[in-house]
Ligand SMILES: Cc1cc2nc3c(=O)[nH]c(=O)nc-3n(C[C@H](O)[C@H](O)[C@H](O)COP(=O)(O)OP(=O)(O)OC[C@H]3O[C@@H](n4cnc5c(N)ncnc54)[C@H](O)[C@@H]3O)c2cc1C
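Listed next as structure tokens is one chain, alone, in the form predicted alone.
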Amino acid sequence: MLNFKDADQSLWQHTAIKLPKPEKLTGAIKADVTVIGAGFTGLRTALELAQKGVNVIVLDSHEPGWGASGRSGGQVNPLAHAQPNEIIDQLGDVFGPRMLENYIHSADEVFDLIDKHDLQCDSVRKGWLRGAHCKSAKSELEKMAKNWSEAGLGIDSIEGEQLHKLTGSTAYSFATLVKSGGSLHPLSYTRELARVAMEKGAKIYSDSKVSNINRKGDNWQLTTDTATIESEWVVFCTNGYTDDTLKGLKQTVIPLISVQGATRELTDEEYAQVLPEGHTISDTRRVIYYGRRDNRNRILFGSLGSSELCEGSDRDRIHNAFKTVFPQFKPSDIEFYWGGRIAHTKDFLPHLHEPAPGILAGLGCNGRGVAMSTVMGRILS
């Protein structure tokens, strides 16, 4: 089990807005709905329910934002990995179009939520660039841009000097631009969701890991080391940190480690050279590179790795990513390193499960977690 200090090395921990750590749950309590996991999905679920007057509690093994939600890259990317026709073929004519609509409008939903509740999370909406890392990837990106555009997503193609100007890099000669994309401070966003959910009546508890769940009459009984909860509904929102509390759920996702590095605070001149208009960026590598500004004179770059502590070979990969895309930065310029566990699914689509009456689970956003987990929380609610 990771200790909370393991996440302390992230840039986000050093720059996030403050949220008093919720207390640990003790004793016996009843609720209409118990949400397990205080990340994007769980907190959006709780917020929506609380606004409707539902008696909802949220339990987290650590505290809001401790997991991948508070450690993510904070990119709001509204696009699936598959082509629209592939999703229709896979899910059918009823659920396929619904999935497309939710992807297409997922960034809108995030930024609308931020505006509605005045969430203080350094949000920026300048668009998302996805670069072709090799010639063979260009045709696939062109096809994706065409098909998603026809499905209703605002997506363009950018290349050559225009792309070099927008990125501040010559690493890519062709990219797609999803205009509705953007970025935010993920830990601040999580803490703000928690704050607003509590203001609306939700109760959130830290250091309250659920160890068992069993039927009790028509309801469910959950236990922690210090508490017992009786609840009509239980919603699992544990994503990459899913354990065996709900039998079989852990086996539905593939946990991957996303690692990141952030530079020292740059001079205004250095900062202005990279993604000067505020776009986010990622590419088509199987082991992806992705990056952005932090809106406070630092540049972040990330990839997939092997350790949430981002040590050894993981740091080497971060250094190589910077060297490939923004070679002006040296390893000595990188001040923060960290990682978090994300959840992939075999079909690369998010999953919603109802394994028993009164139990729901939503997880598996495949690296699109800021946008799609926000949507998932609304759907679960």
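Please read these numbers as outputs of a predicted model, since none were measured by experiment. Throughout, we count residues from 1 along the sequence that is shown.
Just so it is clear, the following notes concern the form predicted in complex with the ligand, a form of the same protein that is not shown.
(Q) So if I measure heavy atom distances to the ligand in the model of the complex, which of the stretches 95 to 103, 144 to 152, 173 to 181, 203 to 211 falls within 4.5 Å? (A) The contacting stretch is 203 to 211.
Q) Within 4.5 Å of the ligand in the model of the complex, heavy atoms considered, which of 231, 238, 188, 167? A) The residue from 231, 238, 188, 167 that makes the contact is 238.
Q. From the list 311, 156, 243, 108, which entry has a heavy atom within 4.5 Å of the ligand in the model of the complex?
A. None of the other options qualify; the answer is 243.
Q: Flag residue 38 as yes or no: does it have a non-hydrogen atom within 4.5 angstroms of any non-hydrogen atom of the ligand in the model of the complex?
A: Judged by the heavy-atom cut-off of 4.5 Å, residue 38 is in contact with the ligand in the model of the complex.
Q) Would residue 25 sit within 4.5 Å of the ligand in the model of the complex, counting heavy atoms only? A) Judged by the heavy-atom cut-off of 4.5 Å, residue 25 is well away from the ligand in the model of the complex.
Q) Is residue 340 one of the residues lying within 4.5 Å of the ligand in the model of the complex, judged by heavy atom distances? A) Close contact exists here: in the model of the complex, residue 340 approaches the ligand to within 4.5 Å, heavy atoms only.
Q. Can residue 350 be called a contact residue for the ligand in the model of the complex at 4.5 Å between heavy atoms?
A. No, no contact at 4.5 Å.
Q: Scan 270 to 292 and write down, in order along the chain, each residue with a heavy atom lying within 4.5 Å of the ligand in the model of the complex.
A: Counting only heavy atoms within 4.5 Å of the ligand in the model of the complex, the single contacting residue of 270 to 292 is 290.
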